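Below, in structure tokens: the form predicted on its own, a single chain.
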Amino acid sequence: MELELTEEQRMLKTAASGFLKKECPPALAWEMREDERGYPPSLWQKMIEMGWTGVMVPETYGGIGGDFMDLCVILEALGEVCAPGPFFSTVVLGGLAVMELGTEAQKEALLSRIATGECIMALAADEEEAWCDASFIKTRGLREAGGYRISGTKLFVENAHVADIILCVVTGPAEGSLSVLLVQGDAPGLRITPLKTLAGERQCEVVFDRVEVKASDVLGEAEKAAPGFDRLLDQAAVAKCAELVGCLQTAFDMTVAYAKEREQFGRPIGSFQAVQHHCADMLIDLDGARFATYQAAWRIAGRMPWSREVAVAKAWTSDVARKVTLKAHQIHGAISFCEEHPLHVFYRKAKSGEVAFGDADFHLERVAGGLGL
């Protein structure tokens, strides 16, 4: 098993990192907290022009035709600068949902729009009692003549306020049955309320008040989306790990640089053994997160069984996201507690990613279950 990036992927990573460090300094993510949209349209347009929105879209639908590892390379670069925007909700959640569940006609219609940046998507899955567990979803899609009527409330729907299409996960009449319905972002009966979040991400409460959709707006087959949706959540978890790895890499680099320049008692604090031990622990944790993430992504790209590797990657990465950023704050000392300091951006992003698509405890339970414990 080869977990190193290919030459093409290393070139992609270098190009993406260089572009984002120039176009998206960490201060931009901090500034976008107060922006109504949550991201600058000019940056999103440049990502589209770079071809990133079509990285996993097959060439027949107007994309680049890359694999899941290529996607993770870009996500790692995005995480390095905590880039704001609808990339994750559209390309990862929306694009992968269409690829996993959609009919050939739906793939042709939707993937090409994702690749060209014409369509922003949002996934509405989480509910008050349904966090990373589809079996607790209560939002219903009631069959009516010619379509469905949706009633229910979804939480933490990222970028719903700017989405052209919201993918709403609903339960069917049969136990354990799920459908994913394509809802237009301006559909009558839809109420979208932005939520205040720690990392400044644009997550929303979305209320579906008897929202009508046509029968043709079912993504794939009605009431048979559960297996594909589970695969989507696994892929989203690893994609979030890749983003976190980039975030933690920058936090680590900032900390090492600070330890080399900050002086106490007439010498850089990085010369003290205790600080060196902290930096060594951070690097070990970061490398573990990167390689666990790459292993899971490699298996997903090869369409091999991946459940255990995904759970291990997310459990480890969620755990070290907290550890690495806390050590970064400890080494920086008081200066990093000022809101103006960029470390805040990475700490908040790490905390948000820690719980997204299941925290460490959730995925450790999955590992234990796979071992029969």
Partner chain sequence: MDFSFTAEQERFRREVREYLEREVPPRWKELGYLIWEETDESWDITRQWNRKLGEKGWLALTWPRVYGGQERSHIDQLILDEEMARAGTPTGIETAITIGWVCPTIMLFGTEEQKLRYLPDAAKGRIIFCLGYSEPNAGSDLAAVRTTAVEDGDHYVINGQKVWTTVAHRADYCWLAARTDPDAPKHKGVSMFVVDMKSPGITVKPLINILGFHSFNEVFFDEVRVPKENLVGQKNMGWYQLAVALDFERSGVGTPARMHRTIDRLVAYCRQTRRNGRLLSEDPVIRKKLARLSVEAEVLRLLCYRITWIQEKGKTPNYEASLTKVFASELLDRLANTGMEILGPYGMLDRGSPRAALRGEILRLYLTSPSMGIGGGTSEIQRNIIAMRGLGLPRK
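As the structure is a prediction and not an experimental result, all values here were calculated from the model. Positions refer to the first chain, counted from 1.
Form predicted in complex with the partner chain: not shown, discussed below.
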Of these, 155 to 163, 233 to 241, 83 to 91, 104 to 112, which stretch puts a heavy atom within 4.5 angstroms of the partner chain in the model of the complex?
155 to 163
With the partner left out here, if you bring back the partner chain in the model of the complex, are Gly270, Leu283 and Leu364 all within 4.5 Å of it by some heavy atom?
yes
Heavy atom within 4.5 Å of the partner chain in the model of the complex - the one residue of Gln276, Ser151, Ser177, Gln184 that qualifies
Gln276
The unique member of Arg262, Arg140, Lys224, Arg143 whose heavy atoms fall within 4.5 Å of the partner chain in the model of the complex:
Arg262
Distance check, Leu190 to the partner chain in the model of the complex, heavy atom within 4.5 Å:
no
May I ask you to state whether Ser17 is within 4.5 Å of the partner chain in the model of the complex, using heavy atom distances?
no
Taking the partner chain as it sits in the model of the complex, is Arg322 near enough to touch it, meaning that at least one heavy atom pair lies within 4.5 angstroms?
yes
Would you classify Phe252 as touching the partner chain in the model of the complex, given a 4.5 Å non-hydrogen atom cut-off?
yes
Counting only heavy atoms, which residues in 289 to 328 are within 4.5 Å of the partner chain in the model of the complex?
Phe291, Ala292, Tyr294, Gln295, Trp298, Arg308, Val312, Ala315, Trp316, Asp319, Arg322, Leu326
